[in-house]
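The chain that follows stands alone, in the form predicted on its own, written as structure tokens.
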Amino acid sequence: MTDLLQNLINGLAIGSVYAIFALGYTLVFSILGIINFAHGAVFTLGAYFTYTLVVGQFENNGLIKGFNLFPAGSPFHGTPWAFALAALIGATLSGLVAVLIERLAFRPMRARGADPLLALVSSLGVALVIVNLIQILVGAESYNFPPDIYGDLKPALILHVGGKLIVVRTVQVIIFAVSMLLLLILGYVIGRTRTGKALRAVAENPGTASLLGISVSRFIVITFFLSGFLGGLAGTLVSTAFSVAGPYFGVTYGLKGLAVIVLGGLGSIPGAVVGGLVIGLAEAFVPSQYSAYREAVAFALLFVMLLLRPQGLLGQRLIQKV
């Protein structure tokens, strides 16, 4: 029972991050019907933006090695609220980068009526440019956040269950709480606000939405901003639990995000949440002696889902009109 609870806590923490990261994929796919392969690079940028604000400099390598953004000490370091502000700024900057990606990689393709596959390849090219630019500027080394980014909060909570101890890292609680709060806010925005209704109208039929007076281009920009914001914040949350593991560390999460949205159902927001939690829990319950194969769990589930239910857990079967 102790091991069960420990794995459950670990799985919910990482699964909630998978969910908010995959929502970025889902939002763009529901509007444009295209997978944005640059989303993993935006995830990486979010971690680096927040790290820059909190620490202020990169000491190991790169063109900006030794440059100190805050010579007198970072104002975003020392209290949980300061770090939360840094994370929000980092996520906002990531959202703006996602909007720039839409302008450079997607809008020109839409204007030409190009095949969606070309836009996908274009986003992949932008992702490669971003990660290589990060490597040139700060190097390929890993960077760790300071251990006191959450202020005086205890690093872990010790629970006594059945005479045994369960260790719950504070960062896991924060990750899960922030992820669930974001999911609730996004669900409210999409389901109850005028902006959300307009986004759903554009996703359902852009042509009809335009005839009804909805600015399709503006809401596509909003979609990309929300996608980038969620991806950047997910990058920050993951890097606080582990590290900013180099420019390419978003690639792995990008691939897992694809597995999540296919498992949950392409274009389904509840599906992205369920898929993220399922994959997170599945990885957590991999026995320690087989931990080397943990990264393969998401793709094994993806393979099984494609065989048994191609539309995903909560996706709808497409009806082709003839």
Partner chain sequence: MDFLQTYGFLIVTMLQQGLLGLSLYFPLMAGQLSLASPGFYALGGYIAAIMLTSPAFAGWRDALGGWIFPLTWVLAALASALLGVIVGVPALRLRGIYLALATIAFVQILQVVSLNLDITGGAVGLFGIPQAFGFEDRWQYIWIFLPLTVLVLLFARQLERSRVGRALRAIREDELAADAVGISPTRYKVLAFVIGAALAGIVGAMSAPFLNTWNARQGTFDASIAFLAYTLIGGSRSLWGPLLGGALLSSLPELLRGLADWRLVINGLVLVVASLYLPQGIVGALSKLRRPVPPKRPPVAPPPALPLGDAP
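Residue numbers count along the first chain shown, from 1. Just so it is clear, the structure is predicted and the values come from calculations on it, not from any experiment.
This protein has a second form, the form predicted in complex with its partner chain, left out of what is shown; the following refers to that one.
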Practice task
Report whether all of Ala105, Val129 and Leu133 sit within 4.5 Å of its partner chain in the model of the complex, measuring from non-hydrogen atoms.
Solution key: yes
Fill in the blank from the handout: Note: its partner chain not shown here; in the model of the complex, the stretch from 231-239, 191-199, 86-94, 112-120 having heavy atoms within 4.5 Å of it is 112-120
Exercise for the section: Using a 4.5 Å heavy atom cut-off, state whether Met180 contacts its partner chain in the model of the complex. Expected result: no
Handout entry: 4.5 angstroms heavy atom contact with its partner chain in the model of the complex for Ala296
Key = yes
Exercise for the section: Please run the contact check for Phe49 against its partner chain in the model of the complex: heavy atoms, 4.5 angstroms, yes or no? Expected result: no
Practice task
Find out whether any non-hydrogen atom of Phe37 is located within 4.5 angstroms of its partner chain in the model of the complex, and reply yes or no.
Solution key: yes
Exercise for the section: Could you work out which of Ile279, Val273, Val262, Val28 is the residue within 4.5 angstroms of its partner chain in the model of the complex, going by heavy atoms? Expected result: Val262
Practice task
For the stretch 294-313, return the residues whose heavy atoms include at least one within 4.5 Å of its partner chain in the model of the complex, in the order they occur.
Solution key: Glu295, Ala296, Phe299, Ala300, Leu302, Phe303, Leu306, Leu307, Pro310
